[in-house]
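There is one chain below, alone, in structure tokens, taken in the form predicted on its own.
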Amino acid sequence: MRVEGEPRSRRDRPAKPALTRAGIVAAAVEIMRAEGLPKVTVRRLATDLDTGPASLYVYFRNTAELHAAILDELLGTIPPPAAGGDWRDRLERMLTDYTVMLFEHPSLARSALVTRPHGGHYLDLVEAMLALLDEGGVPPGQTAWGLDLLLQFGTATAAEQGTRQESLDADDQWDALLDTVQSTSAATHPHVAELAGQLVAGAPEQRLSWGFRALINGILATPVPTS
């Protein structure tokens, strides 16, 4: 019988669940959703999982690799392309879903600019997009290079917009930009003055859609260099 106040023996404690890669990533995603990606470190995760950092280094060599796994996990939330319909529409839908997912996690979007995911969900996403480009008759080289360009555009857009959304003076900055563009003198900057309205026109979703369309059409029409 254990006397009240005595240190509890390890044998009396309930056994901790075995660590798994999936469980570690799930815990990391939970921290990111609650506190942002910068809070997701190997040491912080080890504390939350009641283990030592060395136990996690078996699965992830460093924090960057852990962040790549978080990105791959969230890529699994992107629905596959719908069957039927124009291939451009379906590709744009997937790219938009990718961008919106990152937009909801600005710190992850910024990390995705330099992080290289290599998990199963990333491969599924790439395979689906390559298949759509192939369906549209895009030559193999343009398909391979074009995919990288499309994902870069979506990632950069999400990082930019998400970061602005976090800014406390985002509205003031936008107002200052509007004032600068709309008050530009035609005598000194004739092209800016002529296109002032169009330079700041369009809702973000319209610009995103147009950007993807411009890239898709450009990829279809632009051969990759052969030498």
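So that the term is clear: the rigid core is the largest set of C-alpha atoms that superpose within 1.5 Å between two forms. Computed from a prediction, not measured in an experiment: that's the story for all the values here. Don't overthink the numbering: it's just position in the shown sequence, from 1.
Heads up, the form predicted in complex with the DNA isn't pictured, but that's what we're talking about next.
Using a 4.5 angstroms threshold between heavy atoms, T63 counts as touching the DNA in the model of the complex.
A residue is said to contact a partner when one of its heavy atoms sits within 4.5 Å of a partner heavy atom; G52 meets this definition for the DNA in the model of the complex. Using a 4.5 Å cutoff between non-hydrogen atoms, R43 counts as a contact of the DNA in the model of the complex. In the model of the complex, L178 stays away from the DNA, with no heavy atom inside 4.5 Å. Annotated contact segment (heavy atom within 4.5 Å of the DNA in the model of the complex): 43-51, selected among 190-198, 27-35, 154-162, 43-51. Once the rigid core is used as the reference frame, the Cα position of V42 differs between the shown form and the other one by 2 Å or more. A movement of the C-alpha atom of L56 reaching 2 angstroms or beyond is seen between the shown form and the other one when the two forms are aligned on their rigid core.
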